[in-house]
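What follows is a single chain, given as structure tokens, in the form predicted on its own.
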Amino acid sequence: MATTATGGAFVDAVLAAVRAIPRGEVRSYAHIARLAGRPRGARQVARILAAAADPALPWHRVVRADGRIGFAPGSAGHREQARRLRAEGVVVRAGRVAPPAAEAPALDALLWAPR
């Protein structure tokens, strides 16, 4: 996967990272941005996915860092993403999935976690 952060290469890297998310799993926009070489590019990842024309792209596997679906609650996009995630066995409760397991824990969680 490309680690460059230039225009078209970043878009290609984002799309490749999203395609690599296994069925039944989710990743955050920020995680995808880091994989694609632009650690502060979470919003750009969202824009790229919104503009993607590939119907086979598993865009629904990308959620906010806190596990929330990125669309407004009650919107058609929110309902569609929740439907697709549930069809893959992902538990969605009140518009939120379990935090993405494949991502590194936050530094605060590592420093302040009970021993």
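In this text, residue numbers run from 1 along the sequence as written. Since this is a predicted model, take the numbers as computed values, not measurements.
Not on display, but discussed next: the form predicted in complex with the DNA.
- Not displayed here, the DNA is approached by residue 70 to within 4.5 Å at the level of heavy atoms in the predicted bound form.
- Taking non-hydrogen atoms only, residue 84 never approaches the DNA to within 4.5 angstroms in the predicted bound form.
- Looking at residue 79, you'd find every heavy atom of it more than 4.5 angstroms from the DNA in the predicted bound form.
- Contact check for residue 90: every heavy atom lies farther than 4.5 Å from the DNA in the predicted bound form.
- Contacts with the DNA in the predicted bound form, taken as any heavy atom within 4.5 Å, map within 28-52 to 28, 29, 30, 38, 40, 42, 43, 44, 46, 47, 49, 50.
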